[in-house]
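As a starting point, one isolated chain is supplied in structure tokens, in the form predicted alone.
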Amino acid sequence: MAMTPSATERMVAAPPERESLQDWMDRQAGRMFILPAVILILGFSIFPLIASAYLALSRFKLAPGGYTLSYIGFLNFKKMFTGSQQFHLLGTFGTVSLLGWTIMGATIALFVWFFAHYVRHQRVTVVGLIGRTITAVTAIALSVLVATNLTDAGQLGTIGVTLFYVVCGVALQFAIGLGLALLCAKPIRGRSFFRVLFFVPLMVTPVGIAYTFRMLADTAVGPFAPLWHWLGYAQTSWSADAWSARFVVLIGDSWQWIPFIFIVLLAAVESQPRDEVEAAQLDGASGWQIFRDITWPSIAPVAATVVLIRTIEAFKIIDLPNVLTNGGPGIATESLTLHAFIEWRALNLGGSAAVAYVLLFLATITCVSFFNFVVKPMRGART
């Protein structure tokens, strides 16, 4: 006796309906709309990276009717790290002083604790171990470089000078920006005026700031010349000493970027919960206790993010040292970006691209590590 299929069996056996073109386009609409942006990013970001990577591995020469590029492997990098350009990039090395041993010891101890904390308190993965190893090796290598440069016989190269601008500059700018934000968040008279006044430097171009500081720092004919005469420094040239020139560049860069940190942190401070602050004040908490237990936990994620953004910008400093000192005296104020620009201007395009890739490597390792180990945990703790 033949059995007729049930309704469920007929539905299973039925062929699937063909999707119409309109349904397919509706389903792919998101990808279609984002495709132009992806193509633009590939065109303007990825392609130059690939082209400059090939340039860093090549020698550029002018030739009749154009130029030639000959592949030379890693010779441009070898020349910078162990060859004739070693002094320019890495500086000169001297005997390690007590300060140098302290810097190296503190860095190694920090990363030993860092690995121990990771193994004991987090889930260990291969990617995590590789990333932390790269960070630790880079940080220890940089600490050794700085320790051997900071001696009587040593001198900073462009890597050391760039790290000086990044570490000291960002720390100074963050401290002053945070202080101004906390001050302007208080109900003081004229705080709107101060907010506008502190924000003005951010609207001036870096070249304009460089020329302004070049005029202000002139001890002979600048507007503060009478003060320098009175203090007995009229014949002193700050641009002839390596550290005074670096500090003038650092002050100019800080003057430009403190308003950025100030305005972001001011918004974060003013968005903190006022009821908690008022309750703490009623309980008799001091200003430091309110900052430590309420304000700082509230603004920490924003503070970490603004430091990350500022760190990325600090690695690219070029206008101020170029206009103020032209990288001098010698190469005392020359950053990695200015180093690459000078090599480019000398038509050493391969060497310029190699310097740019060293800068890219350092900036990427620093910023990714800072994001993973500082920004991310702070955001997680906040949520």
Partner chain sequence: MSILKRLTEPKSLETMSPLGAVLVYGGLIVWSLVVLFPLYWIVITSLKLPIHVSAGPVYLPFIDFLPSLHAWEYIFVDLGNDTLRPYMNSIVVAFVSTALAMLIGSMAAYALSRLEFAPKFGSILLFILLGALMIVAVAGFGVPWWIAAVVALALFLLLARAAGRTMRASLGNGDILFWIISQRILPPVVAALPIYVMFQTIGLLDTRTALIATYTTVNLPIVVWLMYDFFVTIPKDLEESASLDGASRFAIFFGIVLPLARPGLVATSLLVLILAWNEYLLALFLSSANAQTMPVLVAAQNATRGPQWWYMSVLILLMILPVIFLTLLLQRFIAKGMLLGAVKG
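Numbering follows the first chain given and starts at 1. Since we're looking at a predicted model, the values are computed, not measured. We call the rigid core the largest set of C-alpha positions that still match within 1.5 Å between the two forms.
What comes next is about the form predicted in complex with its partner chain, which does not appear here.
Interface residue among Phe198, Phe174, Phe77, Phe164, judged by heavy atoms within 4.5 Å of its partner chain in the predicted complex: Phe198. With a 4.5 Å cutoff on heavy atoms, Arg59 does not count as touching its partner chain in the predicted complex; it lies far away.
In the predicted complex, its partner chain sits beyond 4.5 Å of every heavy atom of Ala63. Proximity of Gly222 to its partner chain in the predicted complex: non-hydrogen atoms within 4.5 Å are present. At the 4.5 Å threshold, heavy atoms of Pro226 reach its partner chain in the predicted complex. Contact with its partner chain in the predicted complex, defined as any heavy atom within 4.5 Å, is confined among 84 to 92, 174 to 182, 134 to 142, 108 to 116 to 174 to 182. Of all the residues from 37 to 57, those having a non-hydrogen atom no more than 4.5 Å from its partner chain in the predicted complex are Ala37, Val38, Leu40, Ile41, Leu42, Gly43, Phe44, Ser45, Ile46, Phe47, Pro48, Leu49, Ile50, Ala51, Ser52, Tyr54, Leu55.
Once the cores line up, the CA of Phe47 ends up less than 2 angstroms apart between this form and the one not shown. The Cα position of Leu35 differs by 2 Å or more between this form and the one not shown after fitting on the rigid core.
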